[in-house]
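Heads up, the chain below is alone and in the form predicted on its own; it's given as structure tokens.
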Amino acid sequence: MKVTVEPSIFSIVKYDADEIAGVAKEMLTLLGMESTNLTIEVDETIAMSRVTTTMGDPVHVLAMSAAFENLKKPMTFSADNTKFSLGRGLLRVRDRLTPNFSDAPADEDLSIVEAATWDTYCVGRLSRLGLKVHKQRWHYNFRNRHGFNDATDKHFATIWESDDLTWSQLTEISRHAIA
């Protein structure tokens, strides 16, 4: 696995490219993606917590700087937040490499509802891999996109607890949650 981080030297945030690459390698190993090469581009001019991925060799990860930020010390690096942000993006990549997600849209083409649904699926799996997650945050995000009712909660639990869904199953569950 080869991981490249751009920029190699940060001028706005207090991040270290080697530290980011180390966390990325750790996540690739945890997710069984050791043969994946990555280029991680950090846009340190945008204080958002968004990560998008583009398939290819290498896989391209675009991270807005807050995705890797320590929430208690703005503009400083957090290995935990980086693991979590990269983990969500890398799980989407891993999913897309299977026939089960061949019809999934690119990250930039996901609707807000689709993104919330897929994030729920990814974060649930990350929690089972041992990453610390705040389940209520993701439950609230799902409810914001699907509705605040018992049926939505049931569909959230189904997605959160699943490990082997397909893209069509995810979108079908999501449609039922909204109905």
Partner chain sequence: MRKFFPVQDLARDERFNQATNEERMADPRGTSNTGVIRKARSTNRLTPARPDATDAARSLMHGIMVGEIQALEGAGRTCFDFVTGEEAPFELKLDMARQCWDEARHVEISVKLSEWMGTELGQFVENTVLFAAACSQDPVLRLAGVNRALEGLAIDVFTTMKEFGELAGDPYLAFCEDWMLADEVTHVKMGSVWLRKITENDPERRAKALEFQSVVDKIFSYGGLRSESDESPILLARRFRELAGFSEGELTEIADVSLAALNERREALEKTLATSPA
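Bear in mind the structure is a predicted one, so any value in this text is a computation, not a measurement. Numbering follows the first chain given and starts at 1.
The protein also exists as the form predicted together with the partner chain; that form is not presented, and the subsequent description refers to it.
- Checking S127, N37, T54, N144 for any heavy atom within 4.5 Å of the partner chain in the predicted complex turns up a single hit: N144.
- By the criterion of a heavy atom within 4.5 Å, P105 is excluded from the residues contacting the partner chain in the predicted complex.
- When the partner chain is considered in the predicted complex, M75 lines it closely, a heavy atom lying within 4.5 Å.
- Shown alone here, I12 lies within 4.5 Å of the partner chain in the predicted complex, counting heavy atoms only.
- Using a 4.5 Å cutoff between non-hydrogen atoms, E114 does not count as a contact of the partner chain in the predicted complex.
- Contacts between 131 to 151 and the partner chain, taken as any heavy atom within 4.5 Å in the predicted complex, involve K132, H134, Q136, R137, Y140, N141, R143, N144, R145, F148.
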